[in-house]
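Okay, here we've got a single chain as structure tokens, the form predicted alone, with questions on binding and movement later.
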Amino acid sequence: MPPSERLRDHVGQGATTVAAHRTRRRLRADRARQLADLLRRQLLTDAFPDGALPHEDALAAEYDATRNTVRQALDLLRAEGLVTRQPGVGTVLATRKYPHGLDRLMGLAETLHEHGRVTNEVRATVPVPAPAPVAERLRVPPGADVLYIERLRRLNGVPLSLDHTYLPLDTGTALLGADLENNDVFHLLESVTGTPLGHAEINLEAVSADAHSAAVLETPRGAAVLMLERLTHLADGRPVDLEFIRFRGDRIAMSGLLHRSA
């Protein structure tokens, strides 16, 4: 075989070897992500009552994975801040995420009552001219005053969400003297209007924490937070509460029950 052909053959074999190596790495990374998803679910549903995950060997046997795959999966969960490594103990839950249902219209204190006490630090309660998008959604004249409320919400003293709320002034004025530190706005709205809440339109997305939100929520600037935009209506259909809620992504898990329509 001429030298040029031997060189091409050698280069071809080398390229094949590199491609195979990359494929193995990619497949292991894929399996690690899959395993991390399964373990994350178990952590969020308290499948490990003492907060400690099984040993790497046990996880490898249970999920038919290599130890390298298990270690890579645990590294992914550690990077999320969900677990940590403790000498002599192993991998343990570091930060608990609390479940927030999306299939019922409830305030935060109602939603998380089984997990502790929700308190509110009221940072602002002031009438402001309604920005155009707010006026449109609350069906008030552009520039008309609305009540703006900003609250930092904590669960058992730990920062959980930063809420920016806009209310029509005719309804919001009645809340100025209300106990916003210890009550959900939903509960107060039903009390002052004498009308139950009906439904809400929601939008959920991940956004980066700006400097202000990061400082208030005690999370790194640029960290991913869950932004829930919610427009709530009274039972008669009137829009009464527009909220922009930033949840710490490492402390909340959204869930819901969906039905396929006929």
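Note that the coordinates shown come from a computational prediction; the quantities given were computed from them, not determined experimentally. Heads up: residue numbers just count along the shown sequence, starting at 1.
Keep in mind that the form predicted together with another copy of the chain is missing from the display, and what follows is about it.
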Original post:
So which of E218, D57, D46, D37 gets a non-hydrogen atom within 4.5 Å of another copy of the chain in the model of the complex?
Top reply: D37
Subject >> A52 within 4.5 Å of another copy of the chain in the model of the complex, heavy atoms >> reply: no
Original post:
Is there a heavy atom of P127 no more than 4.5 Å from a heavy atom of another copy of the chain in the model of the complex?
Top reply: yes
**OP:** May I ask you to state whether G90 is within 4.5 Å of another copy of the chain in the model of the complex, using heavy atom distances?
**Re:** no
Original post:
Is G116 one of the residues lying within 4.5 Å of another copy of the chain in the model of the complex, judged by heavy atom distances?
Top reply: no
Original post:
Do all of K97, M106 and V134 end up near another copy of the chain in the model of the complex, with near meaning a heavy atom within 4.5 Å?
Top reply: yes
**OP:** Enumerate the residues of 233 to 258 that have a non-hydrogen atom within 4.5 Å of another copy of the chain in the model of the complex, in sequence order, or give none.
**Re:** F244, R246, G249, A253, M254, S255, G256, L257, L258
